[in-house]
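We begin with a single chain expressed as structure tokens, specifically the form predicted on its own.
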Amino acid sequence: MSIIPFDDRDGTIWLDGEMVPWRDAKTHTLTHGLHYASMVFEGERAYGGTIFKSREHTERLRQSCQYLDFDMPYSDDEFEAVKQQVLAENNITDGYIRAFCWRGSEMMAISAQQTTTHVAVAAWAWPSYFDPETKMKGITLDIAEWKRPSTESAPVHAKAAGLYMICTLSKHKAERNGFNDALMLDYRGYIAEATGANVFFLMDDGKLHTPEADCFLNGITRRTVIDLAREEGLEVIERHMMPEEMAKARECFLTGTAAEVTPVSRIGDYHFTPGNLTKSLVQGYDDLVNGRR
């Protein structure tokens, strides 16, 4: 498969207040965000020209900035207009939007109080995160060696670049082992999430269980799917879950902006069958984001 590098594409990117030709949207190699991971971002999707829960993503981006001790220098209303402008400039109706903020190059040290906060928004056409045929059969997950840190070790509720390093390492190893992704545990040994998506289990008790998001991102899609499940009359339980409890799960799926609702057929030695509940939530979420619900 031919890869199109992200620094060599047609189109425009909004950078620090102006639309810039895609290939010219650059930052210096000595930027603080690159060397010290002082960068936060949002991944969003547009369906039919409308960004799903756009305002919630903007609010979370600002909150992530604040977790890293800086602020986004635009109001929420201004930023909402920027995202729509980026979609229009790039003629995107259905696609992915990446909004991000990072510290500049004024200081190259741990201290970064005098750095400029840079902000950018890019968008591109992007189909399903997983191949559609593979997706409905259920993807497979390895169990990662890396663990999600405690709230005393990292700003775990920020969507911050530095927190994804262990996700990349975990996913690379999983793919080398023949899996699609990896399930991460937390520092206590509880089930946490996949490398870029939250996880749900339909247990033998007929209830939908999902790990309590106390040391990882409480995803916008996660919260949306919880609401959808409850609308269908299903009891949803958010709690700490041990890995061995997966033996009592009938169905499993992931949720995320990129993954949407993705069935899982295997995690390590545990197997699941994508059933009626998972298929119903896949369809329900698709209907919701496309304005059919």
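Computed from a predicted model, the values in this text were never measured in an experiment. Residue indices: 1-based, along the sequence shown.
One more form of this protein should be noted, the form predicted in complex with a small molecule, which is absent from this view; the next part is about it.
- Heavy atoms within 4.5 Å of the small molecule in the predicted bound form are found in exactly one of 232-240, 264-272, 32-40, 250-258, that being 250-258.
- Contact with the small molecule in the predicted bound form, defined as a heavy atom within 4.5 Å, holds for exactly one of Leu141, Ile191, Ala197, Ile97, namely Ala197.
- This chain lacks the partner; the member of Lys159, His209, Lys83, Lys171 within 4.5 angstroms of the small molecule in the predicted bound form by a non-hydrogen atom is Lys159.
- Proximity to the small molecule in the predicted bound form holds for none of Trp14, Ser64 and Arg103, with the criterion being a heavy atom within 4.5 Å.
- Looking at Trp146, you'd find every heavy atom of it more than 4.5 angstroms from the small molecule in the predicted bound form.
- Taking the partner from elsewhere, Arg60 is found to have a heavy atom lying within 4.5 Å of the small molecule in the predicted bound form.
- At a distance threshold of 4.5 angstroms between non-hydrogen atoms, Tyr164 is in contact with the small molecule in the predicted bound form.
- Within 4.5 Å of any heavy atom of the small molecule in the predicted bound form lies no heavy atom of Asn90.
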